[in-house]
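Each of two forms of one protein chain follows alone as structure tokens, named structure 1 and structure 2.
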Structure 1
Amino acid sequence: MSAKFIGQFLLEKGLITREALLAATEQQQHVNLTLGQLAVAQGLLSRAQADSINLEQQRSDKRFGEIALEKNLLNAKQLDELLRVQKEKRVFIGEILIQQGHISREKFEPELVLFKQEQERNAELVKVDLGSLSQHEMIEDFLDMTLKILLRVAKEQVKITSVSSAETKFRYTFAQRISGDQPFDYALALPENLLRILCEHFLKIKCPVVNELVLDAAGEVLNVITGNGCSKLSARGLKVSLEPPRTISGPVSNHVVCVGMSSTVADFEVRFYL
């Protein structure tokens, strides 16, 4: 069992086509604007100001609105109104699929109930599995940062799907050593398509192939995740230091925790070599 997104859930059950899901996803991205896009559209921020906030957000554990307030680019009243408008205009993928005629409401609604039930069961299993780990607090800190940074950098919603000690084979794996009181290696194992999309968002350029620039960008993303993760460990009173990120082609140690992840683009894995 693995957590999925509702569109993938319907696709795997044969209730919609891949083309239908792609069309609905593109429409959702067009309709559901970010806070920065809304602020620019309403004349509250310039495009350059919004871009500068987005850039800082990619490298920190802060929300867009939090940074805008700190820089005095928005006030609290403006931010509250932007959040209200964003929530009011948000459209979910299921509604778009219905509007575009890819599935009827009568078919969709019972499937949504089944989907949510599966999500709840899987989330409870993952919670139990993570809680049983000897260093679960540290692992959960780094998983939290992984979810946040990938959302901010790649604009990808990511869900935790599994916890195991068996590595899944992926084309590219990037690792970073965290030394100190509790030394371990953090690693991201990615398929090629997700790696390219991640780096395209990070670099703001098209990346049709994986080259040295893409590999360097992946290392930078890893630095952001581990840097913010280490800040959380430091706040717990632990001494930590970071070594440079590197690509790996095999296991770093025999004791590994593999956390399966799912995005709308592809599945991938976060590993902790303890």
Structure 2
Amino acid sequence: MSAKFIGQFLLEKGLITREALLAATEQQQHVNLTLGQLAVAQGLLSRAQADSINLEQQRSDKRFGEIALEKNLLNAKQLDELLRVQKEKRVFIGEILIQQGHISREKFEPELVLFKQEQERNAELVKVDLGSLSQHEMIEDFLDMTLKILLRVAKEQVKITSVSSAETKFRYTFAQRISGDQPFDYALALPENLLRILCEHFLKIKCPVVNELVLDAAGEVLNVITGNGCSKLSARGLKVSLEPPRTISGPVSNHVVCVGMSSTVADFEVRFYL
């Protein structure tokens, strides 16, 4: 079993049901406040100021607190206090599952210890595997951007779970060629349920089936990831240019780095054809 989210970990072990996990996740989104919401609630920022920081966050690579400090909307002491309160008030999924009666505390606590041990082991393995790759800086830049854009666009928390040279089969694969000093293809391979959820968030409409529009929207999400990844490479002095995204049905080249990813919805894969 690879490191995932605690909810998925419990689900895979048959200790909770899918319905229980969905209900708890929904509740968690409702009770945990963002830094902006907290700052508004405490009267440190107006809603308009928080919105303007959120807006800037969508276009940059910075955290909410970083932007607030830069704009002199919060001072370091206020930010530290907000972060402390946010951390203190944060309700974890396990606590909600217990409160909602989906699992007992006695059953949950030893599972949490096992989950954390597995996560630590896996994070160490992934770090070593990524660090040993020949183009690891570029790959790490693109992985970082993948996590950020999926959180921003699809509201999906994603974790890296594995690194290998063997592709896992997924129903849909979208690829995009990055030309320039270090040419390569970046690909996103994912199952249908994750594809639909991704596109529902991106298009802000229901996507009950995978149609041309959904495929097109997924290509656009890919384009946003690679475009922002290219901006990072460019900032490091590399010449880069992008070609339009496309769907693929087989390997682009033999030299591939496959990075396993896990979201709260499903597993998927990011591939680098070098």
Partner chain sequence: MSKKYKVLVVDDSAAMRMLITASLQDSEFDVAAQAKNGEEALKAFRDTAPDLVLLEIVMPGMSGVETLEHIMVLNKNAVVIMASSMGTDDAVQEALKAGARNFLQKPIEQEALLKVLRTTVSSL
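Residues are numbered by position in structure 1's sequence, first residue being 1. For the two forms, the rigid core is made up of the largest set of C-alpha atoms that agree within 1.5 Å on superposition. Quick caveat, the model's predicted, so the values are computed rather than measured.
Between the two isolated copies of the chain, the form predicted in complex with its partner chain corresponds to structure 2. The chain shifts as two rigid parts between the two structures, and D129 rides on the other part from A48. Treated as two rigid bodies, the chain between the two structures differs by a rotation of the smaller body against the larger of 23 degrees. Taking the core as the fixed frame between the two structures, we note the C-alpha of V31 moving 2.6 angstrom. Superposed on the rigid core, the forms differ at V85: its CA is offset by 6.5 Å between the two structures.
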